[in-house]
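Quick heads-up: it's one chain on its own, the form predicted on its own, in structure tokens.
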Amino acid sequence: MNAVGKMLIGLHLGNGYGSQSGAWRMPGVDPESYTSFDIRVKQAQAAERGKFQFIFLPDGPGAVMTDIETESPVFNLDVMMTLAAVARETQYIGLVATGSTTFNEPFNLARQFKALDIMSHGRAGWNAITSSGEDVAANYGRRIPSSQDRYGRAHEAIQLIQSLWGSWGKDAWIHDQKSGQFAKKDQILPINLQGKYVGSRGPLYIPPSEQGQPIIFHAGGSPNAHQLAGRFANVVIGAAFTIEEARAQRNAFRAAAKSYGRDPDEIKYIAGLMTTIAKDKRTALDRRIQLGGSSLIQKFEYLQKMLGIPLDLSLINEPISESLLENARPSPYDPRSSNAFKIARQGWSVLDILAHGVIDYHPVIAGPGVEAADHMQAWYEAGAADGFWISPDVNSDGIDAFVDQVVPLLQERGLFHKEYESKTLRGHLGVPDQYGIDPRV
């Protein structure tokens, strides 16, 4: 359980269509959602109606990672402009975007996120990550640096950005029309920091927001990520497929925070959950089959590796035979395999097993809202997560389905708040105030 005493929920908001590649073709979906800021605003408002603590915009300034002939790219046109549009049309929900420290100058990141924090009245969060793909590096005319250099730069960049955020003193802005004093000059100071990788003179000409400064998020699970998040982050976005795996990840991040002299409760571990909420399991699976199209068939080969048995594509609409299942063993190389094995043994057809999302990048709930609520309660009460970020299959109706069918169950069970008690992201997450760098780190 987290220190706030209630679970946290965020919305993963990618390209405007949804987490499944076929979302753009679903009935009722505006095919132009990809370039519509109005639709993104509407989706954020749906999450705010559900009292979500934040929306989270992934970003990857790399090449188009999908088959552009038939699939939409997964990212937003520009995360900061999208959140600026959302900030003007929402009141409470936190606004979090990814910004890489590898190819962005700290001064630019510091200014953009602090301006968003001012515009949203203290609701901004920065998902500080490193870039790792050569396709991304190529867009900047560079090669990807070594892991040591990427993380070395990230540590320096975050400290520099937080220093810039704090370079305008808390009480520096007077704006007294009578006396004519606009600001206290002695409280707006240059930074003059130069490290091995980055530097800036400063200051940043932006006063504190209602929450002081943006909150640092981090997504990643490597030892490097533990160090970076343990030192700077208040929220970690994780990827885990079992309670045991999630609990181990959460504990590793909490231990890392403690090693830097911080209270482990200051770091919140958010697990991923992909949802197809429908009136019953069959309806949900049929929806996912419609969404998956030929991409489900492409996953057929991999399912054989997960289960360790040969399957016949011509029998994709049949359950796996008893004799084959007796020889099946979950692959030790993929943590999702035990779930695929469990579902196979329930007697579903091979196509239905795939429709359960056994090869998706987070656990999948396909069924009525109570299944999602049960999953979230089990993980939360087992100390496996402080909350969840939800990736609906199709945004146009999937966000509302979660808000209408899952959130009320969590509220009835006393697991999720009924109203916003704060207007800032820091308040929503129950993390301590910070302005400038953390003196303990």
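These numbers come from a predicted model, not from an experiment. All residue numbers refer to positions in the sequence shown, first residue = 1.
Although it is not shown, the form predicted in complex with a further copy of the same chain is what the next lines describe.
Chemist: Any chance Gly50, Ser147 and Phe300 all have a heavy atom within 4.5 Å of a further copy of the same chain in the predicted bound form?
Modeler: Checking in the predicted bound form: none of Gly50, Ser147 and Phe300 is within 4.5 Å of a further copy of the same chain.
Chemist: Would you please decide whether Gly169 lies within 4.5 angstroms of a further copy of the same chain in the predicted bound form, comparing each non-hydrogen atom pair?
Modeler: No, Gly169 is distant from the partner.
Chemist: Indicate whether a further copy of the same chain has at least one heavy atom within 4.5 Å of a heavy atom of Ile68 in the predicted bound form.
Modeler: So Ile68 counts as contacting a further copy of the same chain.
Chemist: May I ask you to check whether Glu244 falls inside a 4.5 Å heavy atom distance of a further copy of the same chain in the predicted bound form?
Modeler: No.
Chemist: Whether Met81 contacts a further copy of the same chain in the predicted bound form should be assessed with a 4.5 Å heavy atom distance threshold; does it?
Modeler: Flag for Met81 set to yes.
Chemist: Since the chain is shown here on its own, which stretch among 365-373, 134-142, 216-224, 327-335 would lie within 4.5 Å of a further copy of the same chain in the predicted bound form, judged by heavy atoms?
Modeler: Flagged stretch: 134-142.
Chemist: Between Tyr151, Trp173, Phe341, Tyr92, only one gets a heavy atom within 4.5 angstroms of a further copy of the same chain in the predicted bound form; which residue is that?
Modeler: Going through each option in turn, the one that passes is Trp173.
Chemist: In the predicted bound form, which of the listed residues (Glu412, Asp404, Glu32, Glu381) lies with a heavy atom within 4.5 Å of a further copy of the same chain?
Modeler: Checking each option against a further copy of the same chain in the predicted bound form, the one that comes within 4.5 Å is Glu32.
Chemist: Is any part of 206-224 within 4.5 angstroms of a further copy of the same chain in the predicted bound form by a non-hydrogen atom, and which residues would that be?
Modeler: Stretch hits, in order: Ile206, Pro207.
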